[in-house]
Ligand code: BMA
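The chain below stands alone and is given as structure tokens, in the form predicted alone.
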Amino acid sequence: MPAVLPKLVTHPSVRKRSEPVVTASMLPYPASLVFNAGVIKYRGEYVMVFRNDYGTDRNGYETENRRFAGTSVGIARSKNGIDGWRFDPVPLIDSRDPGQDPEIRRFYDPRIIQIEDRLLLCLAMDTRHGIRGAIGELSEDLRSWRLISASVPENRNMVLFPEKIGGEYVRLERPMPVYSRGRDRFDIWLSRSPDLVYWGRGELVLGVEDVPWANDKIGPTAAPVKTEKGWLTLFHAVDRDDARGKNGWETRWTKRYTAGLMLLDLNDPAKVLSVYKEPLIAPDTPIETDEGFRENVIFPCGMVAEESGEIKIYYGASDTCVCLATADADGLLALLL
């Protein structure tokens, strides 16, 4: 399936690797799709926390109506953040864990960030009574985790800033106010906490109407990167055209996900200093437009700033694999200043 119209392209300052960095075939346990991975540098290595949906394949999904059996969250490590990934032998979290709270159905779409000496996870959390955003803490050896807090429904796509601001933890999030905003008119909000448990003082950061190429919804993606000019922040933006029909495994998939770029104030990150008025990353390569579960989807969950000034952007491609793009921090800032 070719890229959908209207045509959107990745900005030339962003360089995509031609092949995925992680695919389902690399995992040491059952995997159908591996995507939406958060990444940080930790103790001299790149640590990736990724989502894995398992239990079917394209033929089973399309012809036998065989849906995914479960979702897990796994961990991998690499010396260079590109290849040579070493996978833990079992997932960190699995939706079919018999010891899991029966209210919880699954965790997915992980982000990882280190704040001071704590490794923190942001996760989407499906429950019997709605979708919630969860925050957890990962052990130093990356072998276990504990749940710290979860929002009320309906909220997700939570991303923590990588340091306290004004002595508080700060997160971006995406509530889903269907009744007041209409179907899928979702925006980016910010809230603050003294302890990662109690969250409040919510503020609107960016509305979907502020993104010229989005007609459906927007939301946070990777944890922001601190620069002298402000917080360099990615977001996802969605446009939908119900005439698009089938794009991927499902009978109908009419949405396209792109990645946008904005700059937030260092001391008051609810204040938007600038928004780049075109997509930064768009699905425009074959693996993103005609080879995946949900085609025409770009979804970054990890952004790593290198000492050289390079920014590594890890993104899910078509909800199928983990891809990597790079850009220079100065080049991204030039789009915003």
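Don't overthink the numbering: it's just position in the shown sequence, from 1. What you see is a predicted model, and the numbers here were worked out from it, not measured in a lab.
The form predicted in complex with ligand BMA is left out here; the points below concern that form.
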Does ligand BMA come within 4.5 Å of any heavy atom of Phe50 in the predicted bound form? no
Check Arg294 for me: does it contact ligand BMA in the predicted bound form (non-hydrogen atoms, 4.5 angstroms)? yes
Quick check on Asp239: any heavy atom within 4.5 Å of ligand BMA in the predicted bound form? no
Is it the case that Phe299, even though its partner is missing from this view, gets within 4.5 Å of ligand BMA in the predicted bound form, heavy atoms only? yes
In the predicted bound form, does each of Lys217, Tyr257 and Asp319 have a heavy atom within 4.5 Å of ligand BMA? yes
Counting only non-hydrogen atoms, choose the one of 274 to 282, 65 to 73, 35 to 43, 303 to 311 that falls within 4.5 Å of ligand BMA in the predicted bound form. 35 to 43
Checking Trp199, Trp253, Phe235, Phe107 against ligand BMA in the predicted bound form, the residue with a non-hydrogen atom inside 4.5 angstroms turns out to be Trp253
Output the sequence-ordered list of residues from 150 to 164 with at least one heavy atom within 4.5 Å of ligand BMA in the predicted bound form. Arg156
